[in-house]
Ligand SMILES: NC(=O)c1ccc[n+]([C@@H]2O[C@H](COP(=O)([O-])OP(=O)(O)OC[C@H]3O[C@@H](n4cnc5c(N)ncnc54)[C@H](OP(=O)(O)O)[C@@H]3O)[C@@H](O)[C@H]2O)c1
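The chain below stands alone and is given as structure tokens, in the form predicted on its own.
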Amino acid sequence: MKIFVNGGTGLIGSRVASRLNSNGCDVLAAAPQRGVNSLTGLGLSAAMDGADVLIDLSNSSSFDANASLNFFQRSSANLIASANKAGVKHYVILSVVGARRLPDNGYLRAKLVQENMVKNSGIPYTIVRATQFFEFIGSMMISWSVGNKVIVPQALIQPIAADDVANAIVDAALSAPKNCAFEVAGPQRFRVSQLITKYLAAIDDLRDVQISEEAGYFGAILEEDSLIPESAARLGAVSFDQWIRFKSGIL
């Protein structure tokens, strides 16, 4: 089975490509630095020729609303055209849990545009919606940092390890298309304040964590359930404590 992984050198893509190679698949891990650029279309059709499965894990380099929308529209249009030409039988993408509930976040609006383009592509598909990665907690904390405090929303969060996301993507790619979306999340649910407090303690950061109703999430105000799965989700195996113990040496 030939599998084309767009964004195959990134955080999730490198993990997915490695696992698929271990499963005996013929994997092409595509990325601009390897001469394949879905945004411009450079090298795309030739690289995807003969592929059975397309996995799109590419991402916008900016979370700006216009930049994100431009990226996902252009990249998806190029991928769909090449996939139809190549006769791809299964189109798998990674999206975000809660995207439909946060319309004020321009990046998430762009992800929904990507989802709809895939649904309307005519290619059998599977959409994997993941919660926030453990690896993203540091970036979230920076966005909530104000002086010597970290001011966070009073909301629930159920983060997941990148390794568990990669496992879900691989399982989806090696299975029949679902022609729908399914959700993946970490094994534990926290208040955002609890999670950030645990993260700060693990990296010996002494700042105080405060809760504010006005604290948002990259431009969007959160409801209590905005970031958690809407229904029964596939749960990852790696807990936050396991992840932070493994990562603490390089944080």
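No experiment lies behind these values; they were computed from the predicted model shown. Residue numbers run from 1 along the displayed sequence.
Just so you know, the form predicted in complex with the named molecule exists too; it's not on screen, but the next bit is about it.
> Check N59, F71 and A130: does every one of them have a heavy atom within 4.5 Å of the named molecule in the predicted bound form?
Yes: each residue has a heavy atom within 4.5 Å of the partner.
> A202 versus the named molecule, in the predicted bound form: is there a non-hydrogen atom within 4.5 Å?
Looking in the predicted bound form, residue contacts with the named molecule do not include A202, since no heavy atom lies within 4.5 Å.
> Verify the contact flag for P32: yes if a non-hydrogen atom of it lies within 4.5 Å of a non-hydrogen atom of the named molecule in the predicted bound form, no if not.
Yes, P32 lies within 4.5 Å of the named molecule in the predicted bound form.
> Going by a heavy atom distance of 4.5 Å, is L11 a contact of the named molecule in the predicted bound form?
Contact with the named molecule, yes.
> Please run the contact check for K111 against the named molecule in the predicted bound form: heavy atoms, 4.5 angstroms, yes or no?
K111: yes, in contact with the named molecule in the predicted bound form.
> Within 4.5 Å of the named molecule in the predicted bound form, heavy atoms considered, which of Q158, S121, S95, N167?
So the residue touching the named molecule in the predicted bound form, by this definition, is S95.
> Which one, 208-216, 222-230, 50-58, 185-193, holds residues whose non-hydrogen atoms are within 4.5 Å of the named molecule in the predicted bound form?
Stretch 50-58 is the one.
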